[in-house]
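Quick heads-up: it's one chain on its own, the form predicted on its own, in structure tokens.
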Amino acid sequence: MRHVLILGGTTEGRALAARLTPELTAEPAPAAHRITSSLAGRTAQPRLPAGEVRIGGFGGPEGLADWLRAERVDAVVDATHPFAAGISRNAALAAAATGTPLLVLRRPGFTRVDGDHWLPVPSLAAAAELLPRRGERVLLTIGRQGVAAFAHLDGVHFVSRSVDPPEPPLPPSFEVLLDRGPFTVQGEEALLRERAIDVLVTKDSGGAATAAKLTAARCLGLPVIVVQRPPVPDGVPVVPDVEGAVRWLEQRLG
């Protein structure tokens, strides 16, 4: 039995674990393998995938490499969040050190359409620098980490939505909405109107669960500051969906 490690915590990671568990899918499943999903442990009540689950970090690339050797892992699928650059980098280093095949399963980013008023920026710091010139009431949808990049901004009111409470330091004028997608366009429009939001700040995380906010912003003519994704580590193959990951595993493991 071959051992597959899924670095997960995302919708795609859970879907891949289910797809590789024959009793949970109507689709033809690959040959039986041992499936372990690893979650970072940053969400208080994560949605757990099928199969074995471990929670917490590995201790950097060296710790991950040691774990791959000890657990005799035959392949790694990095299905982490598109902005989890640290674990993706560690996975690439650990895979190279141990000779373990590595694949990145990364959902496509959001698609810009006519009528969108997007302002792409390379980082949260760049978003914070641009923000005061674009609005005074902000819907911040960047997750609970990274809010500190905006903590120095006076004269701007933030409505921050995340699954868990954000980490300090926080901006002076700040309120928290604890919620988890999927969201609807109607609900997002209502939120933007009720809070009198005049600019949205988000990451290009992609995925249908949170795309409604972009449609709502377009309908209301609001600008959207979009933080661009970090690049995937050099030389690592990438697929956009679960079926692509299944095919890759079948080719590598049989």
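Note that the coordinates shown come from a computational prediction; the quantities given were computed from them, not determined experimentally. Heads up: residue numbers just count along the shown sequence, starting at 1.
A second form of this protein, the form predicted in complex with a small molecule, is not displayed here; the remarks below concern that form.
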Taking 4.5 angstroms as the heavy atom distance cut-off, pick the stretch from 194-202, 218-226, 181-189, 34-42 that is near the small molecule in the predicted bound form.
34-42
Can you work out which of Gly109, Pro120, Gly86, Pro165 has a heavy atom no more than 4.5 Å from the small molecule in the predicted bound form?
Gly86
Going by a heavy atom distance of 4.5 Å, is His81 a contact of the small molecule in the predicted bound form?
yes
Answer yes if any heavy atom of Gly60 is within 4.5 Å of a heavy atom of the small molecule in the predicted bound form; otherwise answer no.
yes
Considering non-hydrogen atoms and a 4.5 Å limit, does the small molecule approach Asn90 in the predicted bound form?
yes
Heavy atom to heavy atom, is Leu7 within 4.5 Å of the small molecule in the predicted bound form?
yes
